[in-house]
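The data below hold one chain only, encoded as structure tokens and taken in the form predicted on its own.
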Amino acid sequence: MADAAAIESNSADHVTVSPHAHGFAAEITGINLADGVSDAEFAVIHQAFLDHKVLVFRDQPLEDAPHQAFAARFGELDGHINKSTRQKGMPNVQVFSNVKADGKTTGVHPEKGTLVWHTDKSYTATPSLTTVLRSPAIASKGGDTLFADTARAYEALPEPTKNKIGGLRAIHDWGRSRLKSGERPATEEEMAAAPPVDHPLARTHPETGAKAIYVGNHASHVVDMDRSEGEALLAELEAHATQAQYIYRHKWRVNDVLMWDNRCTMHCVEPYDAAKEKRAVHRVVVKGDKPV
């Protein structure tokens, strides 16, 4: 007869998945990520991730090491191209913060590109599968993260539009993205590490088979289409995918852990008063596969 500890290790009955409206995003309770995740618990989390696309874990006071360890359950970790935001001694952890060493604010939001709709690292050949974010410090007003369900948005497209974009591809370009968001220009080193790539406008999810609109700020223009016409199409698709019925708004609490599926969502951060409010997030990204 199996002992109680063995039975517990093979069970995840204590883990609860509570979906938000329309089934887009869900809150996971009954688990302490700092203690590590058993195979049974991971199976529940992974299925919820595929079903709901955005997962929220409240009251998780993680350090960087267990944060990394949890993200690594989903695959190979991938450091950010912007080396200045990498955590010292732990390059796969990226820190976005407006808090200086003396505790005062910098007065500016770090990485303006996070303030516009995007999907993480789509400017690379193998964009992010998932991003795992935690919040050591939050703004009391503003600073929410908004998510768009680009799979549901694709489903709602008229058939002529689906047919139109079915064979089209867009160039995703780190350098162009920086210019569009008003950030500092990309460096030569960054452009050499991540030259422009092309991805389909309608991406097929490798695990669920569902199609999703695949655009955002990193998308520069459409291949073999007049530049202005292609930019207009990208803007049209983004506007469609970010309508209110496709949005989940995450209101941060201290020690939240938030993760999302970059293959079928876009996200952006709501502005806040960066001179008065202190906000810091730690980010770990898992490498995905080539979009098809």
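Don't overthink the numbering: it's just position in the shown sequence, from 1. Keep in mind it's a predicted model, so treat the numbers as computed, not measured.
Keep in mind the form predicted together with a small molecule is missing from the figure; the text below concerns it.
The closest heavy atom approach of residue 118 to the small molecule in the predicted complex falls within 4.5 Å. In the predicted complex, the small molecule sits beyond 4.5 Å of every heavy atom of residue 124. Of the heavy atoms in residue 269, some are within 4.5 Å of the small molecule in the predicted complex. In the predicted complex, residue 131 approaches the small molecule with a heavy atom inside 4.5 Å. Comment: 259 to 267 is the region of 36 to 44, 63 to 71, 236 to 244, 259 to 267 lying near the small molecule in the predicted complex, near meaning a non-hydrogen atom within 4.5 Å. Only one of the listed residues (187, 114, 204, 105) places a non-hydrogen atom within 4.5 angstroms of the small molecule in the predicted complex, and that residue is 114.
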